[in-house]
Every structure is written in structure tokens, then in C-alpha cells.
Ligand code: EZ4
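One chain comes next, on its own, written out as C-alpha cells in the form predicted alone.
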């Protein structure tokens, strides 16, 4: 069997997605997600101009060799564009292998470690009261774990406040929207939010919170300490992790569990964090960390240090990635939780899938491969719509981390 052709599909059924389709000379097709939010066309071009020509004629069953070829052979290693492109190829090849073998993807990885995958949803509100109500709605929908984000008094356009009850897409303009950030107001408000949530719902639901890289290590330590009485499932992205040593300071001062990694591309981005046990959950995901092949290496390394997985799962990955992630989650021994931000009905129609939500969990299907397809005719009805993620400044105009 040989790879006969490959093509890139860019579509926007509510938000932009990039999908790689690989076809073999025996008519077997595999698809992979190549979406990089706000930089979609960079990955599409990388695939079309540099990767696809190198795939034609290769044996699709040689997943490891192709991965190494695309990683080592490019010389310019790592980075979000290159690793997202590699992830798309890798996911599509695993999809093909599953279809050729007539097995769901999790079986190829070694079989099930669990019957279902715990997921968390996003409860967002413009203010404290509406966030408390939003958490209640997610509890009513059956969620056992919920991420809570709220608008903050005195801060316009706070991170995490969506435009709908279940759909949140931060990329909102052709040029980046500028927002203003105030750390002092946030540090004062965040503990009060979780005071109200625990008062309203007790300690039954697992609560999570995303800081979105906004704090210094010392500020993050203060926040983690103040949230300890609320027993959060995790505090996510407390400080930028380019300097992995920064998490030592946070770890010394709080027992609030720490999660990080949705922007990580390789095992090197989290090596120190894991081997020094500075985090509890690694959030690297299939689409941005080199596909299933490389994410498996990260998870195995993390297992040695009792760090669990908590893969990113927002709407900046397509159902193709979610399907692959759920097969990975079903297999991986050191699973922790899976983020699950629901896609729009238009997106679900473009990407038919066999995974399903039940009682706060997602269950992957039994179709050969990862169980997600693409309706190319329908995808063509949703042309690419350039959108950028926001940026943030402090009140004095200083650029900050969005």
C-alpha cells in the first residue's frame, strides 16, 4: 500500500478548521486535524508546499519512520506550525492503520484502560452571579467537572467570557482585539468566585480554573494558596511556562494542583516540569504536540512521575482531534481528565463522528480508526474567515500575556 494523494481542506462552520486528508492507492482514507487557531493558513501552506510532496509514494503503515522523517528531516524542529502539521499527518496515518486492521484506534494503542473518559465543560459568565448560574446549568447537563471563568469588576472583556451558553470562540476579529488586564483586581475577585460556587454547590462538583498565563510566579503562588480551601481539581496555566523553573516557586507555596501545556509542542517543553514533579497534569494535545505518536511519549514519560494527562479540548481543535484524543484517553494508563468544549451544530455536521456524551463522560466509538469523517461538500459551503485571537495590555499600555 502506498500514499497516492493528500489534500488540505480549510473550512469555517462557525470557526476555522484545517483538515488533512490522505488517500492510499487501495482507496483507504485517513484524516487529521491541522488547526492552529489564528494561524490556520500557515499550517495549510506548510502541509501543501512542504509536507505533502514528501508523502506521496510512501508506505502509510510506517508511521514511526514518517514521523521521524518529518521531524528530523526538516532540520527546523519544533514550533507550533511544524508540529501541528506533523500531528495532522500522524493522526491521518493512525486512522488509516485502524481502517486497514478493522479496529478502533484505542485497540492499536494497546486496548482500553477505562470504559469512559471524564470530561469538563466551560461555565462562563459576565459576572459572579451569572457564572454561578452557568455552573448550575452544567451540573444539570450531567457534568461532574466544570471550569469556571467569570467577568471581573473593572476589567472589560475578561478572558473566558463567551458569547453563548456552551460555545466559546475567542478569535473574534480580523485584527487582534486589544483587551486590558489588571492583576490586582483579578487576585481580589477569583477567591470570591469560588467562595460563591462552593456555597451554592458544595464540594460535589469538581471545579477548575484557567489563569491563562496572566500571573508572575509569586502572584500565582498567592492565588493557589488562596484557593486551597476550595479544593480545585486544578489551576491551569498559572504563569508562562517558557521558563519551566518558574513553577518551582509556585509549587513551594501551594498545594492547589497545577496544570499546564496546551501550547506545548514537544516533550522538551515539559521535561523539567514533569521530572521535577512541578505540575500535576500535562495538557499537551494531539493536534499541537506532534500527534498520537509523540503525545504517547509525553504521557509515558509523565507516568514515571505520577503526572496525569488533561488534554486541551477547546473549539480550536476539530472533532477530528477530539475523536483521536478520546481513543488516546481511553488507552492511556495515567489519564486525568479531558477538556470538552462543545462544537456548534454546523461543525458537528461537517465532521460526523461516533463519540458520544453520557453522564459527564465522553465515550469513543467502535468504528475502525478514530471514528471521525468529513463531509467535503458541506465543508466547501463554509469558506475560510480570517480571525485573530485577542491581545492584552496592562492599564498603562504594557503588552501582557493574553
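Positions refer to the first chain, counted from 1. Remember, it's a predicted structure, so these values are computed and weren't measured experimentally.
Omitted here: the form predicted together with the ligand. The next part is about that form.
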message: Among the candidate stretches 327-335, 311-319, 195-203, 129-137, which one is within 4.5 Å of the ligand in the predicted bound form when only heavy atoms are counted?
response: 311-319
- prompt: Any of the heavy atoms of residue 212 lying within 4.5 Å of the ligand in the predicted bound form?
  reply: yes
4.5 angstroms heavy atom contact with the ligand in the predicted bound form for residue 269: no
message: With the partner left out here, check for me: in the predicted bound form, does some heavy atom of residue 400 sit within 4.5 Å of the ligand?
response: no
task: Would you please decide whether residue 106 lies within 4.5 angstroms of the ligand in the predicted bound form, comparing each non-hydrogen atom pair?
output: no
statement: Within 331-357, the residues having any heavy atom within 4.5 Å of the ligand in the predicted bound form are 339
